[in-house]
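We begin with a single chain expressed as structure tokens, specifically the form predicted alone.
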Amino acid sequence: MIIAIDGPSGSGKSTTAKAVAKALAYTYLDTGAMYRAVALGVLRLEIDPFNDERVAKVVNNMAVSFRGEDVFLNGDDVSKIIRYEETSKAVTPVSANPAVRELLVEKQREIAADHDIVMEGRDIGTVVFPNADYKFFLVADPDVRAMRRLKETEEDLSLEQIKADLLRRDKRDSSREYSPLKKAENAIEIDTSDLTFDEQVDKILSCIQTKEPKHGGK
């Protein structure tokens, strides 16, 4: 079974998806971390993230793997550094690169081929797995999302800086030509602005437990 959880940054996708996967004893995959990892790799090679051709070539030779919730790039644990502001800025152009998305989508489908999986990102229900058994789209007020990011970051950033970056990324993600951020037509939308963490997890679990899958799986 495949459960797709999409939505903008700070909407609660990652923490919710982890909890849902744990409750169901499913594999969890953070696709956003995959894009962040390769974006970090691009920066380490001192390549302009907007140079699509060069980025595509180097990403093709990068190995991204997971051990539990830890993310590794070419064997190096990058779990924390991929959340830093510099990487966050680079991930937008890198993730908009069609060749990069094609490479990582193929990897994501390979991972899901032999597992019951909870996968979260920005295009899981629309592009990666349009026939996912369940699709959810999480949203939240920008101020709430920025506050969540502020609590998570170890960098010296203001709430205003974080909010501005979130809004810039929303605009770029939703307007990019290839795999834009958007809600799948048959996705269940959940506004997490005023929900506790347990409430948003329970909402998803209750849908999975009480409804028959609407799709044919993979």
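Throughout, we count residues from 1 along the sequence that is shown. Because the structure is a prediction, the values reported are computed rather than measured.
Not on display, but discussed next: the form predicted together with ligand DC.
*Asks:* Among the candidate stretches 139 to 147, 67 to 75, 123 to 131, 109 to 117, which one is within 4.5 Å of ligand DC in the predicted complex when only heavy atoms are counted?
*Replies:* Single hit among the candidates: 123 to 131.
*Asks:* Quick check on residue 192: any heavy atom within 4.5 Å of ligand DC in the predicted complex?
*Replies:* It does not: once ligand DC is placed as it appears in the predicted complex, residue 192 has no heavy atom within 4.5 Å of it.
*Asks:* I'd like to know whether residue 9 contacts ligand DC in the predicted complex, with contact meaning heavy atoms within 4.5 angstroms.
*Replies:* It does: once ligand DC is placed as it appears in the predicted complex, residue 9 has a heavy atom within 4.5 Å of it.
*Asks:* So in the predicted complex, does residue 183 come within 4.5 Å of ligand DC, heavy atom to heavy atom?
*Replies:* Residue 183: no contact with ligand DC in the predicted complex.
*Asks:* Indicate whether residue 32 is a 4.5 Å heavy atom neighbour of ligand DC in the predicted complex.
*Replies:* Yes, residue 32 is a contact residue.
*Asks:* If we check ligand DC in the predicted complex, which of the residues in 159 to 177 reach within 4.5 angstroms of it by a non-hydrogen atom?
*Replies:* 169, 173, 176 sit within 4.5 Å of the partner.
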